[in-house]
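Alright, here's a single protein chain in two forms, structure 1 and structure 2, each given by itself as structure tokens.
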Structure 1
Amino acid sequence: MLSHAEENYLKAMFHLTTMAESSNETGTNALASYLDVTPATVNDMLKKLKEKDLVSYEKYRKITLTQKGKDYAVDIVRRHRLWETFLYEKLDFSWDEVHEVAEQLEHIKSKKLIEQLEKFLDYPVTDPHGDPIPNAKGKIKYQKRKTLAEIPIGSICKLVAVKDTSASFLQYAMKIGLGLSSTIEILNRHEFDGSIEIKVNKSRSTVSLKFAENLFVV
């Protein structure tokens, strides 16, 4: 049985290696920054996870999840995203409210509960932020997508997911009229700072490069 902290570390490693795309490893400093803890704290936890054969790790080297660790991480992500979907679809939570509550609910380990939750939701494939939900066998179906920052001027695209799920980011997105499936037209890009002029539902906005890099579109 894993502790909540151990589960959080495995989930964080899964997210970091998934975001890296070209690599299945991450570093101690990246993990510390992601979890907002010190590298020393990370090293202590990694020793525990290594003893349980959940990570492959040597001090000052990159960290990878073992197959056992990846299986655990995917299961945690599955629980989290199903709970987010339940909160959003059935309890009228907004997409900026679900993450924090799902962080608590994801640690409930009843397999039957998660199976029944998935059935009750009619087997959803994505969560309220557009992220794929692993199925019962741990398979994840990823969609080919680009960030808004990569889309050329004059193009029209559709928002399918967000990289940043923080409440402040999602609230800002809603403020300028964005939600999943929103149609976005790229009007202009400013060379000076990379900011982008967009049109959403006939409303024009200028967003930062950082903001654009956190929106996934097709």
Structure 2
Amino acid sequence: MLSHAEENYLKAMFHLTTMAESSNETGTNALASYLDVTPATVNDMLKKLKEKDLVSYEKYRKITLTQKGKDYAVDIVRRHRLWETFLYEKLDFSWDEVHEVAEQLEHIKSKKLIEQLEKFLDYPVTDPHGDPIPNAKGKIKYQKRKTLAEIPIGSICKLVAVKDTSASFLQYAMKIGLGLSSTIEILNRHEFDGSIEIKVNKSRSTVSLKFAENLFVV
């Protein structure tokens, strides 16, 4: 049974490796800045996690999760996303409010709790941000997703997920009328800075390239 802190490190590693597909390995500094602690602190913790066979790590080398570490991390992600779904579906939390509370709830230790919660929510497949919820066996159904930035002019697409889940990003998205399943029409694209004119619910907005890259659509 791991501590809150240990679980947070595993989840952070999972996000920086397996999930942010890129490279599968990460480093002390990256983890430190992701978790908002110092590299020294990360270093201490890595020794403990290595001892428990959750990460593989040699001094001055890159860090990866072991299979055991990966399995554990997926379970934390599962708990997090189920709680987000509960807050959103049952307790009227908004898109941008769920994350903070789920960060706490994900650490509650009870197998039965999570299984019953999943059942109560009727086995949801995605969380309020459109991210897939791993099943009890740790299986994650990834769907290939394009960002809004890749869609050609004139197309109509549907928002299925968001990359950034910070409150400020989500609040901005809500402000221009965007929610999960919103229909988006691409009206025009300014080559100059990559900004895009879109239509959502009959209202037009111009959004930056950076913003568009954080919206996943089909």
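A quick note: this is a predicted structure, and the numbers were derived from the prediction, not measured. Whichever C-alpha set is largest while still superposing within 1.5 Å between the two forms counts as the rigid core. For residue numbers, the reference is structure 1: its sequence is counted from 1.
Return 1 or 2 according to which structure is the form predicted together with the DNA. Note: form predicted together with the DNA is structure 2; the other is not.
Under a superposition restricted to the rigid core, does I176 display a Cα displacement of 2 angstroms or more between structures 1 and 2? Comparing forms between structures 1 and 2, the I176 CA shifts below 2 Å.
Using a rigid core superposition, assess whether K68 undergoes a CA shift of 2 Å or more between structures 1 and 2. Comparing the forms between structures 1 and 2, which are aligned on their rigid core, K68 does not shift its C-alpha by 2 Å or more.
Post core alignment: K158 C-alpha displaced by 2 Å or more between structures 1 and 2: No; that C-alpha moves by less than 2 Å between structures 1 and 2.
Once the rigid core is superposed, tell me how far the Cα of N43 moves between structures 1 and 2, in Å to one decimal. Displacement of the C-alpha, rigid core superposed: 2.9 Å.
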